[in-house]
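Below you will find one chain, with nothing else, as structure tokens; this is the form predicted on its own, and questions on how it binds or moves follow later.
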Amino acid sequence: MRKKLFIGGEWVEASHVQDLYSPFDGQKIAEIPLATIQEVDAAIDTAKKNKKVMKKMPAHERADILDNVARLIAQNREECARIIATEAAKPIQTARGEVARTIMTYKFASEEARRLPTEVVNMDAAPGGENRTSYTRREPTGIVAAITPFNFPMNLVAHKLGPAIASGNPVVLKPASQTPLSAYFIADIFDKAGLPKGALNVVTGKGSTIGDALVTDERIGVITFTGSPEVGIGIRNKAGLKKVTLELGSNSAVIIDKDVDIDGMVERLVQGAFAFQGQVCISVQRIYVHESKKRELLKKMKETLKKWVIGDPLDDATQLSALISESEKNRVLSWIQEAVDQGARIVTGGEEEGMIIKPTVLENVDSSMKVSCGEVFGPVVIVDTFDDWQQAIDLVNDSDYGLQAGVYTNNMKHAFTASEELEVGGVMINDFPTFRVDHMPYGGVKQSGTGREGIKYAIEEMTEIKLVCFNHN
């Protein structure tokens, strides 16, 4: 299956292509176009021609288009799930969950399109403001360059396309090289949903070519990126005065107090650590459990993991499958081995099986080891202990990242202390840090990024406030 670029509402044959292979079994899936600088320029140019079209489009029309997108995805939900499972090796049941979330994300975008805020400013609150009527309105910033990762190839695309279209911005989308098929499917959906031709363009290929072209082009008004801190920092340095939203990495932690029931959370912790092979920005990577509960927690995690089904992502029973690439598998294995060499102990897992790493739980991990202080982005979780609540908070904060954290406690004082002192973008009380619903504000601090996603909040990042003031004097 040979794919084409989507530029100006047309499928355009690319100058160059490369083969795309399944992460699970190495079988060829498709031939993917590699966009050149000239083809990226054409995509930006056609988006620019649509700036006025999108800005002048009534809110109800933008909302209807997004409603249509949600409806068309719902009608094709199984095909969407199989695309995700095939190109990303995401277990099909997990992929179906992503499709359901994608539908909801576009529904939220449709709703937000209908209620872009206008605020009246009371001018006579200041001397000299008498007899004036003022209000603010939000206007689209311009072309949005959306650069998305492989791990949620439909829903994280939706978190960029949804608010961009809702607020009247045209888009140039650069999806991850391993998961372009989802993006092309969504482009076709938007076309069928009635989006003006050229308002959405999809270009695939090398990040060094496409990403740099998008980031440095003066016609681009907004950059929204999800990926690694290294790339995100590079984007920020090159972007100039463009608006930039960065959703970067994390080594998310959860604190388990001495007064909670381990049975009630162990399944959720395991799911949070190992769903989609741990390749989730807010995967549970660090568990800090009160020392009186550690042995019980490790025993029950190990028992739970024995039941996990590992294998083909297209098998309905599969819970864990292949990592996204050979290089990522080897990196994760090397981090595990490095930790063991430095004194960590493998409680369970650590073995490889083809492209799969079995779910790995480590103890006796020092905070300086990569599996603790870095972002593993693989099926690995560490378990450490504390005896004092402040110590637990300090352990979580001893990180370059700060996306989300989880806290399990029945002590209200501990809960409020954690909510105030944890250096993260979101604190989940009595839940794991992997919790996310698609309308909540989502983003981090420190090297976890800047700005917020969640449709309402992303729209704020993609629009400018204009003040209008009438003088009655």
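One rule holds for the numbers: they count along the sequence shown, beginning at 1. What you see is a predicted model, and the numbers here were worked out from it, not measured in a lab.
Unshown form predicted in complex with a small molecule; subsequent notes refer to it.
Here the chain stands by itself, but in the predicted complex one stretch of 94-102, 143-151, 343-351, 295-303, 143-151, has heavy atoms within 4.5 Å of the small molecule.
The small molecule in the predicted complex is not approached by N201, whose heavy atoms all lie more than 4.5 angstroms from it. The small molecule in the predicted complex comes within 4.5 Å of no heavy atom belonging to R286. When contacts are judged by a 4.5 Å heavy atom cut-off, G378 does not count as touching the small molecule in the predicted complex. Though the partner is left out of this view, C281 does reach within 4.5 Å of the small molecule in the predicted complex, counting heavy atoms only.
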